[in-house]
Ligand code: HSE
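Next comes just one chain, in structure tokens: the form predicted on its own.
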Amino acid sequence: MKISVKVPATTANLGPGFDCLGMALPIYNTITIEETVLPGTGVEINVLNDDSTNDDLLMEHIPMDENSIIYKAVELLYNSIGQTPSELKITVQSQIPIAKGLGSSASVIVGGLIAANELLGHPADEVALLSIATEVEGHPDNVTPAIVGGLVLTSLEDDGRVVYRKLEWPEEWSITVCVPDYELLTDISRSVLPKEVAREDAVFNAKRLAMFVQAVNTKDDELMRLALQDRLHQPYRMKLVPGLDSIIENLKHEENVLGCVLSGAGPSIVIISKKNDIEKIKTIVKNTWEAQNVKVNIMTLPIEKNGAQIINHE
């Protein structure tokens, strides 16, 4: 049997929602799991990508053996029903940029889990899949929208459950994703964060996250401008993303721009704006980064309302 699953990219945090806000985007990885008939072959993991550089990055960051996060996710699912994965061929068709803050690791975890669950006859429900995916990924803000789609507020509870609620993103607001031509590993981006923060910073983010939810629900432009501020992660990560401070400064006076935030751990950024002057916004970002010898791929994307989808079942 062979199962293929298409999984969307995700952007997490969105300013104040550190480790709890995530949004699915229409860039996809496709993960295929096939049961092989040759005994003793074990797990085989392959990467298919038009960009050979991306292949190298994927193989560097996601080991192609039993140490792979894909295999770990699949193994946890099998173990949860008292089984061990035997001969499996896993293929990753990668379109989501690697080490760019767009949920590439979450996508392969989710794709592997859903494909394996299909192979096994659906022993795991959504609750179990979210729990296993979060155990492998470490936090639920990327894996949850990768599974369910949309804009999602998530919480990992003490008992291992992931509680989430979807928010309806206003169609009046555009999402522009800017992907620079350098990578930033999540481990490095997390290493610069303090273990403790000042109470006033925690209170500041609590207020901003509440503003974010209200702004989304009421389509309030002015409230969203305030809501997209953060004191828990972006100030510390700024030095790892050359040019971000200049981009924020250069966009500050554009009346249609509601905010500019890091996508996940970076280095990609997300600009939220009204639908006017998108080309001007792109030009500002492109020129600012090019002045620092950084090339950038800029995409204005709709939110992906669907999560992971099974696209082939043989």
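Each residue number is its position in the shown sequence, starting from 1. Bear in mind the structure is a predicted one, so any value in this text is a computation, not a measurement.
Omitted from view is the form predicted together with this ligand, to which the following refers.
J.: Would you mind picking out the stretch of 246-254, 262-270, 279-287, 27-35 that comes within 4.5 angstroms of this ligand in the predicted complex, counting non-hydrogen atoms?
T.: The contacting stretch is 262-270.
J.: Please run the contact check for residue 186 against this ligand in the predicted complex: heavy atoms, 4.5 angstroms, yes or no?
T.: Flag for residue 186 set to yes.
J.: So in the predicted complex, is this ligand close enough to residue 208 to count as touching (4.5 Å, heavy atoms)?
T.: No, no contact at 4.5 Å.
J.: Give a yes or no for residue 142: in the predicted complex, does one of its heavy atoms lie within 4.5 Å of a heavy atom belonging to this ligand?
T.: Flag for residue 142 set to yes.
J.: Applying a 4.5 Å heavy atom distance criterion, does residue 23 contact this ligand in the predicted complex?
T.: Result no; residue 23 lies far from this ligand in the predicted complex.
J.: Within 4.5 Å, heavy atoms only, which of 190, 165, 239, 219 is in contact with this ligand in the predicted complex?
T.: Only one listed residue qualifies here, and that residue is 190.
J.: Determine the residues of 1-31 with a heavy atom within 4.5 Å of this ligand in the predicted complex and present them in sequence order; the list may be empty.
T.: Heavy-atom contacts within 4.5 Å come from 12, 13, 18, 19.
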